[in-house]
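Here we start with a single chain on its own, the form predicted on its own, put down as C-alpha cells.
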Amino acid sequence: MAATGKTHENWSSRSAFILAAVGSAVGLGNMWRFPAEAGENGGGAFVLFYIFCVLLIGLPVLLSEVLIGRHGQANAPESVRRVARDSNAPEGWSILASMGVFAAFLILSFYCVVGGWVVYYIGVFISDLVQTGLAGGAFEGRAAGDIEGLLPGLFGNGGLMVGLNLGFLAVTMFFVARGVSSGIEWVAVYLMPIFFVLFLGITIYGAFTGNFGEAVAYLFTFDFSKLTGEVMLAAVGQAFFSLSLGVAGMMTYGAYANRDTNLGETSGIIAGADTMVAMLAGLAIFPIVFAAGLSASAGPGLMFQSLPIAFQAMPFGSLIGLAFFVMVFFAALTSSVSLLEAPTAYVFEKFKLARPVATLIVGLGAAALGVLSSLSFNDMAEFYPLSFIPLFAETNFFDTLDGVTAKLFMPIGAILTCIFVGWIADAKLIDDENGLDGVLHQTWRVLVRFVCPIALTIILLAGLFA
C-alpha cells in the first residue's frame, strides 16, 4: 500500500538520516542520566540489564515509530492517520502521535533549561582557561566547595537562568526554521561527527590520566545480587527514555526517510550507536571521577558538580572540561532540534504556514513555559502547579513538566504505538515497511505485540505508584 500526500523534504542520504536519528536519541539522557543511573544502581548489573532492555523494548518500539513515519510521509499525527486509513482502521488512533507531539513540546521547554546549564559551564571553563592556561588543572586555588557551589549559584540567579534558556532555545529555533536539508540535517551531518571525535578523545584522556581500570570494573563487573526489582525498573526506564521514544520525534524523522532505506537495519544502527554512547559516557566520566576520589553515585550532580571538581586535579583540566561541555552541548542541541521539529512539522503542515512562522509559534510557546521552568529554581521555587494531585503535590513547575511527560505521556504513547502496530495496522503494510524477514521479523512481532506493551505498562504503573 503506498503512502500518499508527501508534503515535505527527504533526507539527502541514508547516512544523513542515521546521523539525525542518532543525534535525536543521543542527548542529555546518555551524557547525564545514564552515568547517574548506573552510579546509583550498582554499575554492572544495571548496565547488563539496560542492554537487554534496549534490544527487547527500545529497538522494537523505535522501529515501530520510524515505520509509521516513513509510510505516512507527513507529520506524526497525520502519518498515523494514513497508516490507519490504509489499514481500514479508525483514524482516531492518531491520538497516540498527538500525545507524542505535545510531550515533545513540553519536554523542549524544560530541556532547553538544562541546555542553558551546559552553556553556563562552557562559559565557566572558557573563563578558567583564560586565567589558568592550558597545562594546569581547572579552578586552581579554589576549594571543592566553591566549585560544587557553581550550580546552586546559577540556580539562584533567575535572570541568568532565563537568559541561558532562551539563548539555547533560540539556537534550536534557528536550525529548525531553516528546514530539513539546510538546518536539521546540517546539525546532524556536521555536529555529530565532531561530537564523536570529542567523545572519543575525552574517553582516551580518561583512560590514560584517570582510574580507567576501576571504571571498567565498576561498569562491567556483573554482581547479580545487585539486580533488584528497583534496578531492573531503572534500566527499563533508561532504555526507553534514552532512545527518545514516545515523543513523536522518530515518527517525524522517519517521514523524511527515502523508500529505499531499510528501516530494520537502520533502526538497529541507531539503537546500537545510542547504546555505545551511553557506555562511552560511563567510560569517559567515571575514570576521572574515581581518580579524584569522588563518588560514582552522585546522581544528577555527577556531571555538573562532581565532574568539574574532578577536572581540578587533572592535567589540562580546564581544556578538557571545556571540550567535555562543548561535546555535551552538541548532544543536547541535536536532541532539542528533534524535540522542536515534531510540533513544528505538525503546525506548519496542519495550518499551511511557512516553516519559519511555525517554528516561531512553537518556539514562543516553549519559551513561555521555559521561563516558568527557569524560575522554578529561584523565584517560583514554592509554586506547585499540580499540588491538587498527590503524585505532583510537592513538585515545582520544572519537575511537574518532567514528571507529567516521563510518567504519563511518553509511556502511554509508546504503549498505544505498540498496540497500533502490533494489533491494529494491516500486517502486510507493516511487513512491507519494517525491512525485516524470517526469524527477525517474527521475533519483532512477538516483542511489539506482547513484551513491549507489558514492560511499558510496568514503567507506567511504577511511575504512578512507586
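Numbering starts at 1 and runs along the sequence shown. In this text, all values refer to a predicted model and were calculated from it rather than measured experimentally.
What follows is about the form predicted in complex with tryptophan (TRP), which we do not show.
Contact check for Phe49, Leu56 and Thr275: none of the three has a heavy atom within 4.5 Å of tryptophan (TRP) in the predicted complex. Interface residue among Ile415, Ala36, Ala425, Leu28, judged by heavy atoms within 4.5 Å of tryptophan (TRP) in the predicted complex: Leu28. When you look in the predicted complex, the only residue of Val247, Cys112, Val80, Ala345 with a non-hydrogen atom within 4.5 Å of tryptophan (TRP) is Val247. Contact with tryptophan (TRP) in the predicted complex, defined as any heavy atom within 4.5 Å, is confined among 190-198, 336-344, 147-155, 287-295 to 336-344. Contact annotation: Ser374 falls outside 4.5 Å of tryptophan (TRP) in the predicted complex, judged by heavy atom distances. Contact check for Phe241: a non-hydrogen atom falls within 4.5 Å of tryptophan (TRP) in the predicted complex. Contact annotation: Ile107 falls within 4.5 Å of tryptophan (TRP) in the predicted complex, judged by heavy atom distances. Residue contact with tryptophan (TRP) in the predicted complex: Val66 places no heavy atom within 4.5 Å of it. The single residue of 397-423 lying near tryptophan (TRP) in the predicted complex is Met410, the criterion being any heavy atom within 4.5 Å.
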